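In the form predicted on its own, a lone chain appears below as structure tokens.
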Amino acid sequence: MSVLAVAEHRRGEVRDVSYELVTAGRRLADGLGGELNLLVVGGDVDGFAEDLNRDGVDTVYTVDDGEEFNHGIHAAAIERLHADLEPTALVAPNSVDGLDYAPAVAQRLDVPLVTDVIDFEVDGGGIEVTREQYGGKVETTYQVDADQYAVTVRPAEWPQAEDRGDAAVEPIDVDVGGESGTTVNGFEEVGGGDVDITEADVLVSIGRGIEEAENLPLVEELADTLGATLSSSRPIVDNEWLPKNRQVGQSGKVVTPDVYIAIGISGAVQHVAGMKGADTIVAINTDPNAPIYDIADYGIVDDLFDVVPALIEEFGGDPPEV
């Protein structure tokens, strides 16, 4: 009745979703009454194992083969360890990499797979999982009645495990049977633009309330004054006022900053799906019934054209004329 979770790394760093997998996997393991095992494949496996040694993890298994993600090596490693451990649940990130290998592995192992899971409950001999449909407007639950199953979990739905643990670390050897079939030759930023908003500690995000592109310098000045990164909701990108790489939301990027300041953003479910994992959410909106206030830690019900200049002055900046 154990859980096997597959960690993810890129360019020499463990990705945040791996620490979220620890939290999700531990909760699932507790429901099953079993152990949580992590698998990390490729790269600096010793360093990654140390990073992933968080409270709740029983064993970290490592496969020292390759540097970056490789479908063939990952699939072979998961199948080998799955055969050894016979876990009830296989858990992977709902990411580009996770969605690459999870369907293939589930098919080979002959286990049901549910993707993009935002919640789950152990239910008797199976699991009840929750997913979103219709652009996040509806949550649906599915009952999976099986002795073994696989799920991919959506990033930013579980908090990252932070406390150090005392997990055992066990290297394993995997024979991929000759050529793995794929290799990573390098990375190319496609439409990456000037910033990566997923790495920002503080985001100042603007929505329809800015009214027109000529007013953007006001919010840009607030971001500069705070040492923050500027992001936006989808309408700003659709109007071509900011590039696509600045968009937060279901059709943009999922962000988990320390502070997220939502300015003139109503809080549609598609946008909230991309930022609700922020540690602290501050909302500025004239509508006291705006959905953004349902998740905000702090709210200012007022006109952004009055509030933002006041904030800039308070923090030592010089508000531009708009």
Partner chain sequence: MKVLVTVKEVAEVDDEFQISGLDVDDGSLEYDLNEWDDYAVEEAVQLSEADDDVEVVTVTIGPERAEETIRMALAKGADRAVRVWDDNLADAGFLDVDTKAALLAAVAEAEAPDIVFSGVQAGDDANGATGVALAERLGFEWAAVVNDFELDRDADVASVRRELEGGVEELTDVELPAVFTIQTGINEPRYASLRGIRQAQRKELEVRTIDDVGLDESVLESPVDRTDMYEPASEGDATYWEGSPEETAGELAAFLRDEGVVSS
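Definition used throughout: the rigid core is the maximal C-alpha set that superposes within 1.5 Å between two forms. Residue numbers count along the first chain shown, from 1. Keep in mind that what you see is a predicted model, and the values were worked out from it rather than measured.
Only in words, not in the display: the form predicted together with its partner chain, which the text now covers.
Novice: Is it the case in the predicted bound form that E128, Y134 and S251 each bring at least one heavy atom within 4.5 Å of its partner chain?
Specialist: Result yes, every residue of the spot touches its partner chain.
Novice: Partner absent here, but in the predicted bound form, which of 103-111, 213-221, 165-173, 83-91 has residues with a heavy atom within 4.5 Å of its partner chain?
Specialist: Result for this chain: 103-111.
Novice: Is the gap between E139 and its partner chain in the predicted bound form 4.5 Å or less for some heavy atom pair?
Specialist: Close contact exists here: in the predicted bound form, E139 approaches its partner chain to within 4.5 Å, heavy atoms only.
Novice: Can you tell me whether Q160 touches its partner chain? I mean in the predicted bound form, with a 4.5 angstroms heavy atom cut-off.
Specialist: Taking the distances in the predicted bound form, the answer for Q160 is no, it never comes within 4.5 Å of its partner chain.
Novice: So, in the predicted bound form, is V259 in contact with its partner chain at a 4.5 angstroms heavy atom limit?
Specialist: Output for V259 is yes: heavy atoms within 4.5 Å of its partner chain.
Novice: Given that its partner chain is not shown alongside this chain, does D16 nevertheless sit within 4.5 Å of it in the predicted bound form, heavy atom to heavy atom?
Specialist: Result no; D16 lies far from its partner chain in the predicted bound form.
Novice: Only one of N245, T198, S95, T229 has a non-hydrogen atom within 4.5 angstroms of its partner chain in the predicted bound form; which is it?
Specialist: Answer to the contact question: S95.
Novice: Within 4.5 Å of its partner chain in the predicted bound form, counting any non-hydrogen atom, which residues from 3-20 show up?
Specialist: If the 4.5 Å heavy-atom criterion is applied to its partner chain in the predicted bound form, 3-20 yields R10, R11, R15.
Novice: After the core is matched up, is the C-alpha of T115 off by 2 Å or more between the shown form and the other one?
Specialist: The answer is no, as the C-alpha of T115 shifts between the shown form and the other one by less than 2 Å after core alignment.
Novice: Is R208 displaced by at least 2 Å at its C-alpha between the shown form and the other one when the rigid core is overlaid?
Specialist: Result for R208: yes, a 2 Å-plus shift.
Novice: Taking the rigid core as the reference frame, tell me whether L226 has a CA displacement of 2 angstroms or more between the shown form and the other one.
Specialist: Yes.
Novice: So the CA-CA distance for D16 and A268 moves by at least 3 angstroms in the predicted bound form. Closer or farther than here?
Specialist: Between the C-alphas of A268 and D16, the gap narrows in the predicted bound form (3 Å or more compared with this form).
Novice: Hey, the CA atoms of A268 and I118 end up closer or farther in the predicted bound form than in the shown form, with the change being 3 Å or more?
Specialist: Distance between the C-alphas of A268 and I118: shorter in the predicted bound form, by 3 Å or more.
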